[in-house]
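A lone chain, given as structure tokens: the form predicted alone.
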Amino acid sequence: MFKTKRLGMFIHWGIYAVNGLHEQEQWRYSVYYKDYQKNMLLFNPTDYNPKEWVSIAKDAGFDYITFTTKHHDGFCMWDTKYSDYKITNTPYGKDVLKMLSDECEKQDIGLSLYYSVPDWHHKNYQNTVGHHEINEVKDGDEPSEALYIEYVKNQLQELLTGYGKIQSFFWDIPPKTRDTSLNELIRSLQPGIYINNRGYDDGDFSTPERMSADGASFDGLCEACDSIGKESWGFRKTEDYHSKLYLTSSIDRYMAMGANFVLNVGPDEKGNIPEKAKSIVSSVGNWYKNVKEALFAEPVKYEWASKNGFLATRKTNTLYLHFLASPDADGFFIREIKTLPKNATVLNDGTSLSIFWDKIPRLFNGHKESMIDVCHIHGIDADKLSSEAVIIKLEFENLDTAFDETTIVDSQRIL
């Protein structure tokens, strides 16, 4: 997964789509359980078309889909036999997860499953007014950690045996309890699966969310995530959508550091991915396909690169420079280079750039020896590319000898 499938589409979908407020509507809007559960009787996504969903992801060049099987509200998006609070008891009545997994298999796209540890519905879950927990005692509540874990294990058995090959499992909100038996069960049911670090033990990979990473690489496996919506992950009627520049820059930063990335959309109550969301995914996908070779290259650490606002990835004798901010001019220079690259190309649009030795006036500090020759790379259409992350491809005869060795910190593969 972390070598061949790198970019995924996250899908947050559930009965919270009915009111279009937020996937944590019950908690953030202080909705009583008896009122919130009425959404189940109103949820009838007659427009749901898993073929279209998978095609949207695949046409954009995405490698897999991560689907929310159960969010914090406890509503189950598959035909579980361990709860009545489920999709097959809605007016729609169909197992949407089964339909999605069948379509993923048909279109040869990976499927990962999200599962929330907090459960505001289940009678045995212990809501203790902690992180993502509701201070509401319902009729029939019988808090019991042991019984709740038994419930979770029963549902894991269903999810990981009835829906084909599952490439990764995304727990959400780490519990206070450590219990390695749950991930052991997952691995026994789906050999080779990857598990994140938000469950009952450390799992296999970290999951930074809606934040920028520092440094040039990660110490271990990582899958970052963000949503096209600034306010929510589920469908929100008045959503503020992120710009293409924000999203491509986030994806570029994390993937250049060796991480996977999942970009979230929130379908509405009828099962439609909003037109704005589809447009964003398509636009991001066009960028991704143009620059993909740089994102699948190996993270490398160059001190000069970070000081000048770049991340770097490498494949053999090709170096990719990832701008951490939009280019502020149509060219840049590299002081530490000893041998000019053979070619320089803007991956975003295929533009060939000029490469030459030059003396840069801004480097002058009053001493003649300061006006040394540096590598000048020129010809970027900065205005045209101002709406997306920019990546420059530099091809060398021998990259290992192209730079002053003192500037190379680490050129080993991180993941």
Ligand code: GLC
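Note that residue numbering follows the sequence shown and begins at 1. Here the structure is a predicted model, which is why all the values come from computation and not from measurement.
Below: the form predicted in complex with ligand GLC, not depicted.
- Among the residues Phe310, Phe332, Trp233, Tyr302, the one placing a heavy atom within 4.5 Å of ligand GLC in the model of the complex is Trp233.
- Though ligand GLC is absent from this view, in the model of the complex it lies within 4.5 Å of a heavy atom of just one residue from Arg198, Arg314, His322, His121, which is Arg198.
- Contact with ligand GLC in the model of the complex, defined as a heavy atom within 4.5 Å, is made by all three of Arg28, His72 and Tyr114.
- Within this chain, Phe169 is remote from the site of ligand GLC in the model of the complex, having no heavy atom within 4.5 Å.
- Proximity of Glu209 to ligand GLC in the model of the complex falls within the 4.5 Å heavy atom cutoff.
- Within this chain, Ala294 is remote from the site of ligand GLC in the model of the complex, having no heavy atom within 4.5 Å.
- Among heavy atoms of Lys393, none comes within 4.5 Å of ligand GLC in the model of the complex.
- Residues Phe10, His12, Glu23, Gln24, Arg28 are the ones in 1-34 with at least one heavy atom within 4.5 Å of ligand GLC in the model of the complex, listed in sequence order.
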